[in-house]
Ligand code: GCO
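One chain comes next, on its own, written out as structure tokens in the form predicted on its own.
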Amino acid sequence: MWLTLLIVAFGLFVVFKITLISYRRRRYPEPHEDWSTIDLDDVSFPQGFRWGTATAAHQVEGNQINNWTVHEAAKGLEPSGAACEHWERWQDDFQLLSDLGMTSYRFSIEWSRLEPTEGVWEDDALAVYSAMVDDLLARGIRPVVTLHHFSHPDWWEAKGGFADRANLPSFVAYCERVFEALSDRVTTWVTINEPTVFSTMGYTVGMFPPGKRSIPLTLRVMRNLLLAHGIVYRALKGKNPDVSIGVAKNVTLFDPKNRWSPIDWPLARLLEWFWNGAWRSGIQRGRMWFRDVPEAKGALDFVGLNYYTHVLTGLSLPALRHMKFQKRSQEIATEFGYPMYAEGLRRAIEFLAPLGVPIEITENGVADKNDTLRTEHLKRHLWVLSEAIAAGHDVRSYHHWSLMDNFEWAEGYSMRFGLYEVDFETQNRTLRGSGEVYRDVVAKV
């Protein structure tokens, strides 16, 4: 009798397990296309769709003095130095945008150039950014301005930066000053780039400044970034309600390494909530990590999507400090270490869709020094994007990361994301074959 009961119990457990896994597969699919059967040139985009590239000030301008240069020195990292000398060469670089046929360009403002010492403002630097905006508009290129892209003045970092909400008025004042100077011509604004990346890499993993490793501090910074966005959004909309303001959110997908594992599934869901869900809930509900953030509720006119990959999770998590990621057998590993998973772009769009605002692809690209993968990467992602738009998703633009090779944060100059190759000794820019492909796609569609 006991043997019979044991067999029945085991059978019920198996049925339950199969049913549960079947539900999970439907609820959390991980699609993979047979790319050999797909015509990647069969894409279409709506009239008025904007094509662009993106850069960030610290990565291209050169000769900065900010939280990142201090971190580079303290950690013995490769110094950013002159970077692409974009601060002196920006007019020539904007010609590269025109040569590609771009209609949108996302770039960031370097706060430390404008306020190198607390309370001391450099109007000449702001005038350069203003001239950049005028030049872009004269070329028929929409400027998309990011107010915070990982870097800020070291004096502000020394006061605690985003870890102390008492510092937020200084950040808001900086945002207002830039907005007042440019909002008569700039209509699309990104307040903060990748708040989860900034929080996790700076306060959990310790690879970004300030190089700390504390979960409670990470959660506090995440919440303060949400609060900062909400305050800035409402302050700027109060000055000019006609502009469009959003956040650039990195949506990294987390999938169970073993789809039959009772451990890998909940771990993947937990990490995806930490990385993506908590932020989306904060915008929707005005609440994050058990505290109200009412300023953030509904504080979006659009959402910027930065998409690169998915992460396979299980008992053996990826070694983030060494950028070692696992991949499926059919996936291609990129030079950065993560797999190319273009199918995830559709999933990332679907994740953001419940926010009920237009989506702009503010970053998507691949590190590929020899330019052997970038064309395939680009075409796969554009095909997925075309399919998502055809299915009814409101995606307004695509910005390739990046216009040119640049300083890739903790990885220094080892990762080359540019459509243009940069010789950092001569500062010559050379259009890669993948750049020619992108140019031709834009001209065709």
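Don't overthink the numbering: it's just position in the shown sequence, from 1. Given the structure is predicted, the values throughout are model-derived calculations rather than measurements.
The form predicted together with the named molecule exists for this protein as well; it is not shown, and the discussion that follows is about that form.
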Which one of 66, 53, 59, 397 is close to the named molecule in the model of the complex, taking close to mean a heavy atom within 4.5 Å? 59
The named molecule in the model of the complex has a heavy atom of only one listed residue within 4.5 Å, and of 112, 199, 193, 104 that residue is 193
Counting only non-hydrogen atoms, the one stretch of 351-359, 113-121, 304-312, 285-293 within 4.5 angstroms of the named molecule in the model of the complex is 304-312
Are any of the heavy atoms in residue 49 no more than 4.5 Å from a heavy atom of the named molecule in the model of the complex? no
Residue 408 versus the named molecule, in the model of the complex: is there a non-hydrogen atom within 4.5 Å? yes
Quick one: does residue 150 come within 4.5 Å of the named molecule in the model of the complex, counting heavy atoms only? yes
Proximity of residue 336 to the named molecule in the model of the complex, heavy atoms at 4.5 Å: yes
Taking the named molecule as it sits in the model of the complex, which residues of 342-363 have a non-hydrogen atom within 4.5 Å of it? Please list them. 363
